[in-house]
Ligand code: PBG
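Let's start with one chain on its own, the form predicted on its own, as structure tokens.
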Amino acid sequence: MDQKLKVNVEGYGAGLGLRRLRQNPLTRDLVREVHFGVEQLIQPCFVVDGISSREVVPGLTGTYRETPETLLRQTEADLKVGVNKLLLFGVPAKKDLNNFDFSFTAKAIESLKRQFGSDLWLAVDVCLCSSTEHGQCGILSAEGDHVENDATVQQLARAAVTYAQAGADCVAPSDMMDGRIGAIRCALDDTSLEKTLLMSYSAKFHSKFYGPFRLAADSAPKGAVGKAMLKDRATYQIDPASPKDAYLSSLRDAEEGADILMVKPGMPYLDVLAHLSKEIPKPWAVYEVSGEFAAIEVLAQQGLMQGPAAHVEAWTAFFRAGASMVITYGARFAQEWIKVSK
């Protein structure tokens, strides 16, 4: 009996089973189910009014607060390594409460498209958080206790049209106001800008992972400014414990005319991305936000993680969960990172 058991065990072991398909890199390449390349990654960038030289963003290796001039040079460098898709955040020097000037960002868009033309796909974030004195994503009520939805949507539509007229290929509203997708789509169509893509931050959660970004974009809620009483964005961003809200928000935005939908942040919401990408047949973006990216960078700097491989592993998870594209601060390093991670 012992001999028979030994023969059976050896028989199963000798076959290797599933391990045969894992035994070397070339075989693993053949059977890999998830494939992506740098062409599916979008690099966020910041152009800042009133600074004389580019500034480092803490935690975001290789990402800077750019001047209009350094942005052009950085974009040229990005194109050379295969990064031809950007998500631009404009940061104006002048802040206001309800009278916003979008010309600084529009001029940056014009400069980028003038120099790089159709070689560059340019999406532009549409929000008011970098323009308001209080850092909220819209116009506050007279009492300062809530964001006025309709008044904010009017300004967002005006910004979207301004950016599209300047040459943006895609406008990306990130504010989470109700009805802003329909309003922006109508405004674009009414101004003969119907070819402009509309990428909605449709499932943007009230997350703690946005820290480095808010430094880069000068967009942190400032609380007690004048009558402002709102301390955070919980009244308009999605509660992390409410995935059904993310579904309803995304379904609404799809019906209102969004071409691309987005989940933000990425890794803590893989379940949401997997569910929504199956339920709503639209292209899905996922934003690997600044806190996620910086966490890997900090661990790598401490020798506790292989940074490039970990970033690629995170991107693989996003595509595995249903993403068509990933917005990541590591896009400009992806060509090399993907090679060394295999």
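In this text the structure is predicted, and so the values were computed from the model without any measurement. Numbering starts at 1 and runs along the sequence shown.
We do not show the form predicted together with the named molecule, though everything after this point is about it.
Q: Would you mind picking out the stretch of 72 to 80, 163 to 171, 150 to 158, 196 to 204 that comes within 4.5 angstroms of the named molecule in the predicted complex, counting non-hydrogen atoms?
A: Of the stretches listed, the one contacting the partner is 196 to 204.
Q: Of the residues H134, K264, K85, R185, which one places a heavy atom within 4.5 Å of the named molecule in the predicted complex?
A: Residue within 4.5 Å of the partner: K264.
Q: Can you tell me whether C129 touches the named molecule? I mean in the predicted complex, with a 4.5 angstroms heavy atom cut-off.
A: Because a heavy atom of C129 falls inside 4.5 Å of the named molecule in the predicted complex, the answer is yes.
Q: Would Y329 count as touching the named molecule in the predicted complex under a 4.5 Å heavy atom rule?
A: The answer is yes: Y329 has a heavy atom within 4.5 Å of the named molecule.
Q: Give a yes or no for F100: in the predicted complex, does one of its heavy atoms lie within 4.5 Å of a heavy atom belonging to the named molecule?
A: Contact check for F100: no, nothing within 4.5 Å of the named molecule in the predicted complex.
Q: Should R214 be counted as a contact of the named molecule in the predicted complex, where contact means heavy atoms within 4.5 Å?
A: Although the named molecule is absent here, R214 would touch it in the predicted complex, with heavy atoms inside 4.5 Å.
Q: Scan 84 to 108 and note down the residues that get a heavy atom within 4.5 Å of the named molecule in the predicted complex; none is a fine answer too.
A: Just F89.
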